[in-house]
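Single chain ahead, written as structure tokens, the form predicted alone.
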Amino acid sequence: MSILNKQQLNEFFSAAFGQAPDLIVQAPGRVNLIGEHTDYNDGFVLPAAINYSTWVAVSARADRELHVVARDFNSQRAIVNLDAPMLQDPAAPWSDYLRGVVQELQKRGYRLTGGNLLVSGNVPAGAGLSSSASLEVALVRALTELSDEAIGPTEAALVGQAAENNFVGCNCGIMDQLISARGQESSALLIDCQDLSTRSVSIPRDWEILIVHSGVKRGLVESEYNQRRAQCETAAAFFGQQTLRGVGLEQLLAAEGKLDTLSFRRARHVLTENERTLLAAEALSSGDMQTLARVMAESHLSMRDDFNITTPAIDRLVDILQTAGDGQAGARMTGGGFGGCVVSIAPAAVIPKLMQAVEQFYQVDTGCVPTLIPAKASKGAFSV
């Protein structure tokens, strides 16, 4: 996860294409502080963009082709004809994100122009930190700037989401792309996924974010993710609603025993998670660590027991962080589930205790090797 800089990107690009790039853009990954699997249910989420990004360096071409080099995939190359139908490429699955973005931009009337692209980044892949959304948003910005066409941050996020839904085949919600496009420095973003309105929530100046990769590679994420989404849709339909946003918690609880057990538990997670997310936003803005730590702990238990997306190693990692924090740190699994990362937020003075506890206990207890990822809330790709 080395931090790249523009000089390195210029050098990589020159080596790949024999010329300097015309422009370099970047889009950050994200960590979700709370609000898991609520976005596609039109609920609330509280993510922060982080200081790990995908960069795209670009130069113009005279033809209608995109020549792309993926530096992080052994400099594998792909060519995309802008005038041909977009088809998935099993030999270079990373290029499907580009093809999906191109397809969605063209659907919206963007003409696009040919170009050379070098893609590189340091968002850990498969960690639940939205390396895919970071790539999509960076590509949207690179391609529209290359063709000198304007696009707003929310539309850019919607293009990225549509590319993942319609072309890549993962039915993700809007959160990942929206925070990558609209994130604010030193702040989380409370997003209402029903109307895409956002509110910046300042993180107290002396608080820091610690992400810990569990060393558990996320398995079956797309199939399980899509299954959870279908179960939520089943629960919403039971109440005559398109999404769970239209269902009240009391209404759901009154239907226990009438709705099938799995759909009921999935819906209970989503509706209680929405309440926790709103509480967390207020706690964060007022510096109320006691409340924030409590709702993050409740969120993790709900993901474990009602949504069934944690793993034993992840549960142990959260327990280690919560115990070491002793009420002065929030900790929970973050991301789609089945492995990946845990997020913790705490006053700066507490962070070393958390890191020490992870290093002392986690590998011994689970056999998994953790990676400590200190992170800062950062600007999105389209933020001024």
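Everything numeric in this text was worked out from a predicted model, so none of it was measured. Each residue number is its position in the shown sequence, starting from 1.
The form predicted in complex with a small molecule is left out here; the points below concern that form.
Checking 82, 278, 203, 172 for any heavy atom within 4.5 Å of the small molecule in the model of the complex turns up a single hit: 172.
Residues placing heavy atoms within 4.5 Å of the small molecule in the model of the complex fall in a single listed stretch, namely 174 to 182, out of 174 to 182, 73 to 81, 98 to 106, 116 to 124. The shortest heavy atom separation between residue 225 and the small molecule in the model of the complex is within 4.5 Å. Using a 4.5 angstroms limit between non-hydrogen atoms, residue 340 is distant from the small molecule in the model of the complex. Among residues of the shown chain, residue 39 is one whose heavy atoms approach the small molecule to within 4.5 Å in the model of the complex.
Among residues of the shown chain, residue 43 is not one whose heavy atoms approach the small molecule to within 4.5 Å in the model of the complex.
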